[in-house]
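The chain that follows stands alone, in the form predicted alone, written as structure tokens.
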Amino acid sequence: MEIAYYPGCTLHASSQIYDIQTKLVLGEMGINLNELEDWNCCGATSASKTDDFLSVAMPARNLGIADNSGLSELVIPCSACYSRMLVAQHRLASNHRLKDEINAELTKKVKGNIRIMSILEVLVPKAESGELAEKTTKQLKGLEPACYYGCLQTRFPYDVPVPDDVENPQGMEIVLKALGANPIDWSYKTDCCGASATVNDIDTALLLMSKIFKDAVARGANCFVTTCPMCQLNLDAYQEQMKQKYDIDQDMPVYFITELIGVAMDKSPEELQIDRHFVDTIGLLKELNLI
């Protein structure tokens, strides 16, 4: 099975392990990811804050490349990139003048034919069909994850097709239950972690993270699981600072969903590069005899 693939800037930088794990676990399921040639930054949150035209034009160039790739589906693991590309596709479909203006400058024109998918839109059908479980050799018994979606995975500024419940998404829960984990029910799964406010307003970001963290701990979670590289980075890299500021004692590993799938597939920590997080992620897996 061939699917077009847009990693975005983060998966080639601070979240490179997410890129490695995504290719590894999807490859085990017979999915060959074809990375878009000469892709560019989607604009992330910066373009939409500074220039409305650029916020569409930047992802539009990638959409043109995808539309002309010969493939029908495009998977985007990063929640921010997924949001920007889906919104841009929607705006171009509903504004022909804008589409013509942008296409006039593109070598590969936007056609609007490519289906944009989050990584969960690839994984959930595999979990529901039993195909995912067939590719694994371990059950993730003992894992009590707080599935953290963040604020971009299901919430959009326009009416776009969302394949999950906006306020109480279940995609990660479906995948993890199929692997033997026991995801908790909690209240902060779509709350904002502060995103890039860690750069210019760290106090606000730490406050938001502390609310997320405290609720997960109170509900009995022993780890976070996410699909968003920004959410993963914030809860991981700023966890110690947040704990000190808000008098929290418990550590909580923050996993990408791909590395837990990889563990269930009996991939080694070295293959998955699980040891590259800020907060220890190996200890809990060893404690539960998962590695």
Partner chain sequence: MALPVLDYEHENTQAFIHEVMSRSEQNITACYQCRRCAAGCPVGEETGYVTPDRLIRMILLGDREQALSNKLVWKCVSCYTCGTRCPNEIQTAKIIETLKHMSKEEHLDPLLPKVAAFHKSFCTAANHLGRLNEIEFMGLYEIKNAFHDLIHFKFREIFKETMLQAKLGLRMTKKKRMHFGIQKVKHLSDLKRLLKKAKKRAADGV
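Just so it is clear, the model here is predicted, and its values are computed rather than measured. Numbering follows the first chain given and starts at 1.
Keep in mind the form predicted together with its partner chain is missing from the figure; the text below concerns it.
Heavy atoms of D185 never reach within 4.5 Å of its partner chain in the predicted complex, leaving it off the interface.
Looking at E271, you'd find every heavy atom of it more than 4.5 angstroms from its partner chain in the predicted complex.
Residue contact check for R84: one or more of its heavy atoms lie within 4.5 Å of its partner chain in the predicted complex.
Of the heavy atoms in R91, some are within 4.5 Å of its partner chain in the predicted complex.
Proximity to its partner chain in the predicted complex, taken as heavy atoms within 4.5 Å, picks out 105-113 from the listed stretches 213-221, 68-76, 105-113, 131-139. Contact with its partner chain in the predicted complex, defined as a heavy atom within 4.5 Å, holds for exactly one of Q244, Q250, N34, T45, namely T45. Here the marked residues A57, C151 and P157 all reach its partner chain in the predicted complex, each with a heavy atom within 4.5 angstroms. Although its partner chain is not shown here, in the predicted complex the stretch 1-22 places heavy atoms of C9, T10, H12, A13, S14, S15, Q16, I17 within 4.5 Å of it, in sequence order.
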